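Just one chain follows, in the form predicted alone, and it is written as structure tokens.
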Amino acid sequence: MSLSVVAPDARALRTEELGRELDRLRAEIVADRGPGDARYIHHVIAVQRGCEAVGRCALAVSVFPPAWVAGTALLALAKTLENMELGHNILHGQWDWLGDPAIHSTTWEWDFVTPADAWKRTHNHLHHTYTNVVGRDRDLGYTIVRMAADQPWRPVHLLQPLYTALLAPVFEWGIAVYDLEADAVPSGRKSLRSLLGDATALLRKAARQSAKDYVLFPFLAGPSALPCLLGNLTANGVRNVWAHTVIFCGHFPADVRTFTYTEEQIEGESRGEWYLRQIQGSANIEGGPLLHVLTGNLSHQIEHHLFPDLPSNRYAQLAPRVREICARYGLPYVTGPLWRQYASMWGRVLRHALP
């Protein structure tokens, strides 16, 4: 019997039963983590660094068109792996249990404009705690895109299909500005002093990133400086479009729920209720192993939101078991191929552009 059709008291008991079952699933994976997982993450790091090294060498002679194509493709692949499977997951603390300071959430600084500390605050804390709660989860449209009827409509939303599309190739810059949380200053949730401190940290990080990709490596390329610069620009753009696609498909397909919880409901939410909200507020992307790695296993967004600190390589193992649990409890498990989730996400952007 599904959770939605049982009496309130029985539903509460079933929700707590769901929570205990998912807790046991998490404990099982934690107890089973070991050398195989360590080999996986070290292998991904080796592949990523190899792709970046070869890609940058090719771009150093990219005055020859085949070298430009190969170098740009390899650098885009390296940046995608670094951003999705390494940076995102390491900053979640998924590999802290290894005790390796080089792969630790407190030491990793990623190849992305926004500083790691700022991203951990807005993503790990705000987004993962208040997933899809209107007014609390700022990732629900990133403060500029209206994704639910419960969000107030403003005339600027008529343009959201346009600026959503324009955001994709510069996604890392959009996230960097978003992570400043300037909109939190008027409400008093963030002080002006803190905003200025974060803006300074962002300017330092942006200067380092820009100097590396658009000054240092083009300078080292000598006669290939201009094609090298264009190659770096293209690689960053490809990575940004891909990250935008994966992340928007993780929470914005049509069947994903949003919530209008009161402060008391959020504060009093049990473990089972929190799991229930994560399941209903996330969506998966179906595909093969390569797709999963390139998405940083965020193609298993439901499993990631249930267990954000478990190693990403375990999500594929968890997915069929979580899906079976959802079926047994009568819960939706929103999943589909990339094209369908992407089209559904755009349908939602277009629909909520109107009042």
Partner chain sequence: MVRSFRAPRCLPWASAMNRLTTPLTVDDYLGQLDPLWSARHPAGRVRSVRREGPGAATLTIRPGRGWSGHRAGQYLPIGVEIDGVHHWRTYSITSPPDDSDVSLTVKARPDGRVSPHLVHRTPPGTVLRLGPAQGEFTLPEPLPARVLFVTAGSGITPVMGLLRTLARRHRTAPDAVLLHSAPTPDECLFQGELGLMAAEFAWLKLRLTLTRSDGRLTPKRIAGACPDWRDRYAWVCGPDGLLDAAERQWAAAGLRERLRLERFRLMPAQPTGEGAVGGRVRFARSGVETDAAADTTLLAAGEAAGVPMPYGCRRGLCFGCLVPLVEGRVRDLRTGELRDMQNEMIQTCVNGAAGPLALDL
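Remember, it's a predicted structure, so these values are computed and weren't measured experimentally. Numbering follows the first chain given and starts at 1.
Just so it is clear, the following notes concern the form predicted in complex with the partner chain, a form of the same protein that is not shown.
- Message: Since the partner isn't included here, can you check whether the partner chain sits close to all of G99, E109 and E267 in the predicted complex (heavy atom within 4.5 Å for each)?
- Response: All three within 4.5 Å in the predicted complex.
- Item | 4.5 Å heavy atom contact, H104 to the partner chain in the predicted complex | Heavy-atom contact with the partner chain at 4.5 Å: present for H104.
- Is there a non-hydrogen atom of R321 within 4.5 angstroms of a non-hydrogen atom of the partner chain in the predicted complex? No - in the predicted complex, heavy atoms of R321 and the partner chain never come within 4.5 Å of each other.
- Query: So, in the predicted complex, is H92 in contact with the partner chain at a 4.5 angstroms heavy atom limit?
  - Reply: Within the cut-off, so yes.
- Proximity of L220 to the partner chain in the predicted complex, heavy atoms at 4.5 Å: So L220 counts as contacting the partner chain.
- Query: What is the one choice in R154, R193, R189, R208 with a heavy atom within 4.5 Å of the partner chain in the predicted complex?
  - Reply: Going through each option in turn, the one that passes is R208.
- Query: Considering I29, L294, C326, A38, which brings a non-hydrogen atom within 4.5 Å of the partner chain in the predicted complex?
  - Reply: That would be A38.
- Task: Heavy atoms, 4.5 Å, the partner chain in the predicted complex: which of 246-254, 172-180, 212-220, 280-288 makes the cut? Say which one.
- Result: Heavy atoms within 4.5 Å of the partner chain in the predicted complex occur in 212-220.
- Query: Along 292-331, which positions have a non-hydrogen atom within 4.5 Å of the partner chain in the predicted complex?
  - Reply: The stretch 292-331, when checked against the partner chain in the predicted complex, contributes P308, D309 at the 4.5 Å heavy-atom cut-off.
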